[in-house]
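One chain is shown next in structure tokens, namely the form predicted alone.
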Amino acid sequence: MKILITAGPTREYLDDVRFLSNASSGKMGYALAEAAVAAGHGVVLVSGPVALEPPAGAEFHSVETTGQMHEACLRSFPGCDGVIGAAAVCDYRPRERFAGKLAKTGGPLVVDFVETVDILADLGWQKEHRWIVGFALESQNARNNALRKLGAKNCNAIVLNHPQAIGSESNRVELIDRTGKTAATWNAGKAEIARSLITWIESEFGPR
């Protein structure tokens, strides 16, 4: 198979030096890319800014903003069999990006934020014969929110994890299939979880 994988955070700039982002390390997405390459699959890795080296053998695209990640995914998705959306994408961006560096004025700064494009949902609703596996990082009403995203993004499965995973070498996840049932639970290092998820994807979506 040829698999598109998104990883890391995105950045949404307020001015030329300040941005909104999150603490995603990209370790889960990069572990998935490495596991997929090791299993003999073609990999297209689209990554936000992280301090990691992409695995040898993967086609690599470095991006910063959600819009850039969206464009890279739209270009690559038609040639892939499926996508694993492991990136921690910013849900909002400043409505206006200011030129230069904003200076202090002695008063408050009011910033309007607007939603960014939903990359996985966009891919999900044009997937046709392809498969979609998403990640949902949730801190409250976790499973219900994951199930909502499973349907809203037209995923074939979704991996539920928690904020403790950010920057960690390990993870605790629940894999939920398209019917809402638990397909697997894993509590292990991210590399081991990545190998387990790739094996599950092979069994579900690989050649028959």
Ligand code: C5P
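For every residue, the number given is its place in the sequence shown, counted from 1. Note that the coordinates shown come from a computational prediction; the quantities given were computed from them, not determined experimentally.
The next section is about a form of this same protein that is not shown, the form predicted in complex with this ligand.
Although the partner is absent here, Lys149 sits close enough that one of its heavy atoms falls within 4.5 Å of this ligand in the model of the complex. Proximity of Cys80 to this ligand in the model of the complex falls outside the 4.5 Å heavy atom cutoff. For Ser76, no non-hydrogen atom is located within 4.5 Å of this ligand in the model of the complex, even though that partner is not displayed.
Although the partner is absent here, Val114 lies well away from this ligand in the model of the complex, with no heavy atom inside 4.5 Å. Partner contacts here mean any heavy atom within 4.5 Å of this ligand in the model of the complex, and among 135 to 143, 51 to 59, 164 to 172, 32 to 40 they occur only in 135 to 143. Although this ligand is omitted here, in the model of the complex none of Pro9, Glu64 and Glu71 has a heavy atom within 4.5 Å of it.
Contact annotation for 70 to 99: residues with any non-hydrogen atom within 4.5 angstroms of this ligand in the model of the complex are Gly85, Ala86, Ala87, Val89, Cys90, Asp91, listed in sequence order.
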